[in-house]
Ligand SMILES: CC(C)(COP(=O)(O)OP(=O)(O)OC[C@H]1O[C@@H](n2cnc3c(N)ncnc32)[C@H](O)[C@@H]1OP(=O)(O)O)[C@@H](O)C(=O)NCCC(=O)NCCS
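One chain comes next, on its own, written as structure tokens: the form predicted alone.
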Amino acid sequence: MARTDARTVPLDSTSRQALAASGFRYAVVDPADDDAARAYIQAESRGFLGGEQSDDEVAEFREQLAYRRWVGVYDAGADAGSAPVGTVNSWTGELSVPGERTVPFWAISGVTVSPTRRRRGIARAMLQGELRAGRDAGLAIAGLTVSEATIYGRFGFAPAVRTADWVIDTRRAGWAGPDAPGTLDHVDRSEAVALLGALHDRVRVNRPGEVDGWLGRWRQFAAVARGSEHPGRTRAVAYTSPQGERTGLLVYRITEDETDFARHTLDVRALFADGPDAYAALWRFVIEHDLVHRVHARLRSIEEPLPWMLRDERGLVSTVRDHGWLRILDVPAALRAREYSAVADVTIEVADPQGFATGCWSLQIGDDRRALIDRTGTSAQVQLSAAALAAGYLGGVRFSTLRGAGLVRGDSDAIAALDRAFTAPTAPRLGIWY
């Protein structure tokens, strides 16, 4: 299926009118316009409490994210080139769903509002405008990763992918995993960029919740992006199988402990492995690295082999939190896009105050594990919100759990049938921010 170029999707007229009534102008920003692009980039950085972006950082942002639709909100009387008071950018990405499938989705990023214009309806107008744009582009799902989790539930988003951040005491943890038959070699950071992209594309399809990356993200991981901090401390190691194929890559950074040179910290910036041998070899390299006492690894799956490969798994402390948030825009298209784990015949009623997903639906899943879904006038066996449907869409949480939280209501047998059907072979994961 050909992807819609988000830059061709017009701005939402309802949001434009709402912002105009509050004294704001809603506009697409042209990345090729030097003054407008720089003002947009600086405003987004400030919105995330970042520093003033250097010329190199501005150039990197413009070059790597030019494929996205940049939208700014401006004071109505602002001069051309003035800083926006609200920012958001979006594009059509690919979301991996159960069944080793991908579905196009409306990816949203860079949502900021100037602290000088808070509580003026800017975020509401921008986000509702993005949801309507995604719907108008024919996409069934919208998604984002969030810095502030309390904002997005009111717009029908829910955390569908949870992630684990690890802190590992290498001396306590130790290695008890298998020996891998291949070899490890350091590679140049510039070579690592291409390997990151190739490996991520290879493994993401069978990991529900992953999204396609982009060159700029790999350049940041490898610290070759213009404006990267401490690029010389970033290193890359590749795993080569006995057949001569590169099936794994680790990008990491080591920070010294100036009080004890045997207690360095190793930060895993990226670790992609296509197969158990590459996974074991790269993690053993991390755990047994000389002079390293502590390892930080972020955005790991909540269900990984590593804890079972350690001599003492209490040497690994895991912090689990929300990461990938989804929003259902088209119930039939979203439910048809994925594969299921069991047959089911359930009628569901979805409530959506914004209207995108509202309806009563007959969901039939046959022996082929595909969904047939149609509107129905019969009474629903299960009632849930659009956000609850998004939360359970990838199988990351059971609908019976959401029922316990008061977010799903209905017949116990029907909810149990949904649990069996939506369960995925692997836990959802998302290894990047977007």
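Numbers follow the displayed sequence, beginning with 1. Since the model is a prediction, treat every value here as computed from it, not as a measurement.
What comes next is about the form predicted in complex with the named molecule, which does not appear here.
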Given that the named molecule is left out here, which of Arg321, Arg311, Arg118, His230 has a heavy atom within 4.5 Å of it in the model of the complex?
Arg118
Though the named molecule is not shown, can you say which of Leu250, Ile122, Ile168, Ala281 has a heavy atom within 4.5 Å of it in the model of the complex?
Ile122
In terms of non-hydrogen atoms within 4.5 angstroms, which of the given stretches 272 to 280, 199 to 207, 67 to 75, 142 to 150 touches the named molecule in the model of the complex?
142 to 150
4.5 angstroms heavy atom contact with the named molecule in the model of the complex for Val161:
no
Is Ala357 one of the residues lying within 4.5 Å of the named molecule in the model of the complex, judged by heavy atom distances?
no
Might Val113 be said to contact the named molecule in the model of the complex, defining contact as any heavy atom within 4.5 Å?
yes
Would you please decide whether Arg154 lies within 4.5 angstroms of the named molecule in the model of the complex, comparing each non-hydrogen atom pair?
yes
Considering only 33 to 55, what residues come within 4.5 Å of the named molecule in the model of the complex, judged by heavy atoms?
Gly47, Phe48
